[in-house]
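The data below hold one chain only, encoded as structure tokens and taken in the form predicted alone.
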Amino acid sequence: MRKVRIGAGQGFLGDSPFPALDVVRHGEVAFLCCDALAELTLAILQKLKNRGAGGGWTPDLRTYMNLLLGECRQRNIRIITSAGGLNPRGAATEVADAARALGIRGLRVGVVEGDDISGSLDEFLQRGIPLDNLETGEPFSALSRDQILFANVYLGAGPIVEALDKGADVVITGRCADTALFLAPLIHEFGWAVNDWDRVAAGVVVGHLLECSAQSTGGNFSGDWWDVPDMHRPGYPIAEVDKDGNAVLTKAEGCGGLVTRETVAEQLIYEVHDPARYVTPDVVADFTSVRLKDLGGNRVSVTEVKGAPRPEKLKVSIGYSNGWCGEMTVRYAWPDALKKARKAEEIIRRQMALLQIKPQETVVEYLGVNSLLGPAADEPPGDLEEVGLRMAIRTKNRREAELFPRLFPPLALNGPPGLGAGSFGGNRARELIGLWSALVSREEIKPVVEILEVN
């Protein structure tokens, strides 16, 4: 039976590109899929644009293309990436520039647009299309129009399939479902009907297992992670899929990492709310139906996936200006390190009151005590050797956010003893971007696909 091999090349903005190169060189894949957008990545890209430090696409796109384009061209491997971010067309131009610099001609770059609906928000509201907050139920009117920075819909696999059908060697998308990147080549290769829910769900499961770098191959593993071999060079996951959606998850030969039923199962339930209803633009997948079998030799089979019809509405992620953050971290040494840090917090809070700094939100963490577990952390036994105090506030205006960190340096002489030399960190005020999630009917969204040829 004919099979298609798909390799994972990226799990987030800032990921290492070198495991992708191992997948290309040693994975015998037909497609390399790079998931560059986490939930908050568009906010990061928007901040870079605001500072004049980016064009809206991921800043590491050129690095990936310089490293991978030539190698993929030699092996007829097609690249699919969501690195287009807020500006897929600009990203496509970047890819074309990289190809020309590498002497590659005739490369066909597919651009998927239509996820950006920021220009349609007013029209939607005039037509009575609600964009109520999916998590809180707040009406969209709670946001002022001048707060909104971007609004992007999570697209499904359809436009990517169209780009592949049109012969794209590289497909650049903006916001789309992570799994869509990996599902699309399977629909393209096998001709699955978009309402073949079990097969489409199987493709979504494959995508979910591949989308997070080495998390299926021993990275971030909660089991015997110390036994995962060669973690300095993890092999990113590869899926070998047949026309019925049955898959075998593995990794490239010669790379580190580990593929077992346990490593794969851990990724399967990663970031899942209801495992019986994993909702994507393409299908609602039932992760409880999945059967994993360890075949040995870093191979795990993934079978029996069931799916239900796709939702009628698509998720929209709306970024909005949400005030400013002022932040500072200081560190205290033994003896009584925790007591000193708590006293420092008290001093800062009382000085904030004197200066009438009135934050909308305050976060306090004691590094080494509760910065990870929060209120679930137990009171530490004994006298700790060192403790860090991190305080952050969210304010409506920049002035208060900039003033807040300035309260901390005087603690060196005016506060508890034992403040660590050079301990001050995080003293720059920064703008905050909030995310507003909503739903919109898929009939309102019109994706556009165009093929650009590099001459």
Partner chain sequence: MVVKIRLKELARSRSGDKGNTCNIGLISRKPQYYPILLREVTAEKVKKHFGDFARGEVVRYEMPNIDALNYVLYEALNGGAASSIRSDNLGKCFGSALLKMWVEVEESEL
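Positions refer to the first chain, counted from 1. The shown structure was predicted, so the numbers you read here are calculated from the model rather than taken from an experiment.
Keep in mind that the form predicted together with the partner chain is not shown, yet the notes after this line are about it.
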{"property": "Heavy atom contact within 4.5 Å of the partner chain in the predicted bound form, the stretch among 284 to 292, 93 to 101, 185 to 193, 234 to 242", "result": "284 to 292"}
{"property": "Proximity to the partner chain in the predicted bound form, single hit among Asp378, Glu385, Asp146, Asp227 (heavy atom within 4.5 Å)", "result": "Asp378"}
{"property": "Position in contact with the partner chain when the complex is considered in the predicted bound form, options Ala344, Ile117, Val248, Leu268, heavy atoms within 4.5 Å", "result": "Leu268"}
{"property": "4.5 angstroms heavy atom contact with the partner chain in the predicted bound form for Asn220", "result": "yes"}
{"property": "Exercise: Arg261 in contact with the partner chain in the predicted bound form, heavy atom 4.5 Å", "result": "yes"}
{"property": "Leu354 within 4.5 Å of the partner chain in the predicted bound form, heavy atoms", "result": "no"}
{"property": "Close approach of Asp274 to the partner chain in the predicted bound form, 4.5 Å, heavy atom", "result": "yes"}
{"property": "In the predicted bound form, residues of 360 to 381 near the partner chain [heavy atom within 4.5 Å]", "result": "Glu361, Val363, Glu365, Ser371, Leu372, Leu373, Gly374, Pro375, Ala376, Asp378"}
